[in-house]
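Before any questions on how it binds or moves, here is one chain, the form predicted alone, in structure tokens.
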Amino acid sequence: MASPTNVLIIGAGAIGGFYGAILNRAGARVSVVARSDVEVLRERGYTIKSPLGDLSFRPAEVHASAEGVTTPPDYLIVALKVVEGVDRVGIIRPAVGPNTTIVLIQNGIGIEQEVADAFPDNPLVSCLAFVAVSRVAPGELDHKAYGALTFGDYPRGAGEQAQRLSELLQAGGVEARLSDNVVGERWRKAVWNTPFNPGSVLAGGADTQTLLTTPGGQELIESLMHEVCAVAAADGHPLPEGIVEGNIRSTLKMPAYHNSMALDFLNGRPMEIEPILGNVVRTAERLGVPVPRLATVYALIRLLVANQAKRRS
């Protein structure tokens, strides 16, 4: 019998832990590199509440850093947040072997090229996760809804490694859709992420229902979404008509959800401002697309972060 697919997840929080559980359920051998939850994960693994059932599992190996990995994995899944000061290339390099496919399950626009340049001989798969899952305690995850992934090779295509990963994820119980234009898919996801994540922070860590049901909230989110669509079109990735309305409808149907940036803000952690918002605003400036509302939100959230840093110093 063939040996199971060897998967290593670096960034084993909510996103990494959830998709690790899915791949474990599909029969993969899943190990993790964790930062703060190492001892808990070694002792009892993950406890995961989910509408998909009990996804709790114990990783095959738990490492404090990639330097502890002795056998390069078939798939190295990077679920680290793209925040200032995090050297993704340096963190993952010790675990990358000649036959390792690197998989980025990360938010934002323009986040792949740094990794592609560092590992030109390794396949690079870029993933967009559409999932509502939170880390509620060390080793404990609460999966509220969704779970689908859209992914493909960077910058284009969907080769053998991406197809095999899709099969594993679907066997584990989530939808895994391949795309030959993953950059366009990133713009599609930015329509939701770019307004909701910073908007939640500027609203004091508000959840999705608060943002959409408070007077003026939905109108603001929709206007930000339309600006993202304009930048995507100028960048060569026009998005489907009705995407804004569809995102609003689906968000109103889901339970009240604190997105990742809201949780980081509420817990005093670094936020993914640049990949989610800053890169969109800079792309708009480069292409000459007016985005007055996005630019205002970007300026306000940078002021908020600067003021927080000043108060801590």
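Here, rigid core means the biggest group of C-alpha atoms that superpose within 1.5 Å across both forms. The numbering used is simple: start at 1 and walk along the sequence shown. Note that the coordinates shown come from a computational prediction; the quantities given were computed from them, not determined experimentally.
FYI, the form predicted in complex with a further copy of the same chain isn't displayed, but the following is about it.
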Looking at 73-81, 95-103, 209-217, 164-172, which one sits within 4.5 Å of a further copy of the same chain in the predicted complex if you count heavy atoms only?
209-217
Going by a heavy atom distance of 4.5 Å, is residue 242 a contact of a further copy of the same chain in the predicted complex?
no
Is there a heavy atom of residue 203 no more than 4.5 Å from a heavy atom of a further copy of the same chain in the predicted complex?
yes
Even though a further copy of the same chain is not shown here, does residue 289 get within 4.5 Å of it in the predicted complex, heavy atoms only?
no
Find out whether any non-hydrogen atom of residue 248 is located within 4.5 angstroms of a further copy of the same chain in the predicted complex, and reply yes or no.
no
Scan 289-313 and note down the residues that get a heavy atom within 4.5 Å of a further copy of the same chain in the predicted complex; none is a fine answer too.
292, 293, 296, 297, 299, 300, 302, 303, 304, 306, 307, 310, 311
With both forms fitted on the core, give yes or no for whether the Cα of residue 99 moves by 2 angstroms or more between the shown form and the other one.
no
Rigid core superposed: residue 63 CA moves 2 Å or more between the shown form and the other one:
no
